[in-house]
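In the block that follows, a single chain appears as structure tokens, in the form predicted on its own.
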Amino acid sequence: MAEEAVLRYLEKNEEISDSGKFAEDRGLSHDDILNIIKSLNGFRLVDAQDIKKERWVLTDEGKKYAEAGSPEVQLFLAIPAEGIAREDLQKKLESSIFKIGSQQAIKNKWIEMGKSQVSRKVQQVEDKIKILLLQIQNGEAVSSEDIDALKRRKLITQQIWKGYSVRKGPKYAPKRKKAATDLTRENIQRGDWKELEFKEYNFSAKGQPLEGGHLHPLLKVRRQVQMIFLQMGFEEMPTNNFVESSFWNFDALFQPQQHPARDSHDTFFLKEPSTTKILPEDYVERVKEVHENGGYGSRGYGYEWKREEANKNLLRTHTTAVSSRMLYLLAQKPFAPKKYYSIDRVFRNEAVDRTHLAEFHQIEGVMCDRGLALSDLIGVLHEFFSRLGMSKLRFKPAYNPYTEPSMEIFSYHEGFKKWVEVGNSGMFRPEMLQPMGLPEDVQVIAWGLSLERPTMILYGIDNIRDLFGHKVDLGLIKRNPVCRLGLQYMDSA
């Protein structure tokens, strides 16, 4: 109907000067007219020119005041001639009306606002704001000064109206003949194929984009880190158990049971099942002994170790819990040097902000051999991080319950022009290793870092919630560039 109206009108007239007025005069939807004009213009039946009109319309607040009056007038009319207590006036009006009305009425010098009493300073007022709002609502002209005043109070907003002016196009016809897209069997049987107009075939047109899978930036960086470990001769540890017992997560690592990390404010403990039932009993006794009384050159912690604390189930707080299991299994066989790595999810009961989530990914490397020393750890760290593009390293002494000595790892960031912490490291203590059954001359060096931090730097992301979690923009996953690891590439990424 809209198409017929446009084409029939142009058959007898040169131009539709305003698509909005044209639609209004014929009782048609302007949106329908716009869509038809766009279609006819595409097929060159008409030539359409854009029309833009700017107009002011009332906001929801403006509509409210146009009907009920401005806040200052509502407040003025609520004040009797003899005045009113401030508290009573507040009760008569909405809080927003009282607040805005008081400010404007005082500014207009209509009222006197005392500490306890409010009184009128004039006897009558004109609601200029309501009058202006009604004029704008009715499409009447308003001065620029009044527009600015209403705009500052956010009572009006600018609306851009779009339409078309339309003339006949080079292929104009009173009725559009639909171009055929297919030659059917019926067309051939009826013989009407001779009169058909076929739609031109566009050999340059692109087909529908093919949807395919996309790798998340975390997975890309994870794969690159994994390849570095494999090139260095490491084998992957099984990290498929998110739920771990406190024994493997804490006790086996020589972490005391009163340590703050074992508090519910820092760790997610399970309600069901709340405890584990299977632990290697002989090993448990050796761990208990070293916690209470020490051994292997240590005095221990000197407290009463409780089995019920070790039995508690939790969401693992670090993948070092997996390392403790792997080292224990290694100790049950004739010793052979090993190099392990893991990259998987861990959980901490932390407040979520721009740099912290309650779950994140930990990268961990572990080397086990005879006669290892701190110099070996430093050398391996230089080799590992240089493959990540971090050639400038510094180490700072630190404390970990299960490593001694311990070191925080810092790398110089060329983009930030400063040293940034990139990981933690250390040598596992004898109090942890020897109760497992490992020989006395066997040492274990280890280091760890998060997967999220280097990924955020690589992809220029400053809020971890934009990288990982339910608020992630899927466009990031579809459009993120393929980038190499290395701080020298991070600024361009």
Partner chain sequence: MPTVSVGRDRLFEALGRTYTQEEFEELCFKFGIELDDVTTEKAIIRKEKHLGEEEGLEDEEVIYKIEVPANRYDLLCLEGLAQALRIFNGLDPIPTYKVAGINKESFLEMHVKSETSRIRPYVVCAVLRDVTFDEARYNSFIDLQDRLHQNICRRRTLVAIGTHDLDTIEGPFTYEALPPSEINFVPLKQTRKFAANELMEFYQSDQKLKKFLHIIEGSPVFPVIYDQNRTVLSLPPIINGAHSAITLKTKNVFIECTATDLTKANIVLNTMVTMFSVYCKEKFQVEPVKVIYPDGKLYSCPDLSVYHMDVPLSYITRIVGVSLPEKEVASLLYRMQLEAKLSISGDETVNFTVSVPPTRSDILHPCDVAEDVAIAYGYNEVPKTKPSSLKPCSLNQLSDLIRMEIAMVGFTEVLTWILCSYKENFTMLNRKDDKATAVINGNPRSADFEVVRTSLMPGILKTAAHNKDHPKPIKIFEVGDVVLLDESKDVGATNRRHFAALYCGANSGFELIHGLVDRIMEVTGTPFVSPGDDVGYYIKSADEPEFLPGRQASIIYKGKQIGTFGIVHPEVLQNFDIPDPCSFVELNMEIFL
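So that the term is clear: the rigid core is the largest set of C-alpha atoms that superpose within 1.5 Å between two forms. Numbering follows the first chain given and starts at 1. Since the model is a prediction, treat every value here as computed from it, not as a measurement.
Another form exists, predicted in complex with the partner chain; not displayed. Remarks below refer to it.
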property	result
In the predicted complex, the residue from G379, G114, P273, G139 that sits within 4.5 Å of the partner chain by heavy atoms	G379
Among the candidates E408, E414, D127, E359, the residue which, in the predicted complex, approaches the partner chain to within 4.5 Å (heavy atoms)	E408
Site check K199, H214 and R479: each within 4.5 Å of the partner chain in the predicted complex by heavy atom	yes
Contact stretch among 219 to 227, 131 to 139, 236 to 244, 307 to 315 - heavy atom within 4.5 Å of the partner chain in the predicted complex	219 to 227
4.5 angstroms heavy atom contact with the partner chain in the predicted complex for K277	no
4.5 Å heavy atom contact, P430 and the partner chain in the predicted complex	yes
Non-hydrogen atom contact P334 with the partner chain in the predicted complex at 4.5 angstroms	no
Contact flag, T455 vs the partner chain in the predicted complex, heavy atom cut 4.5 Å	no
Those residues of 171 to 192 which, in the predicted complex, come within 4.5 Å of the partner chain by heavy atom	A180, T181, D182, L183, T184, R185, I188
Residue shift check between this form and the one not shown, rigid core fit, L215 Cα at least 2 Å	no
S204 C-alpha moves between this form and the one not shown by 2 Å or more, core aligned	yes
T181 C-alpha moves between this form and the one not shown by 2 Å or more, core aligned	yes
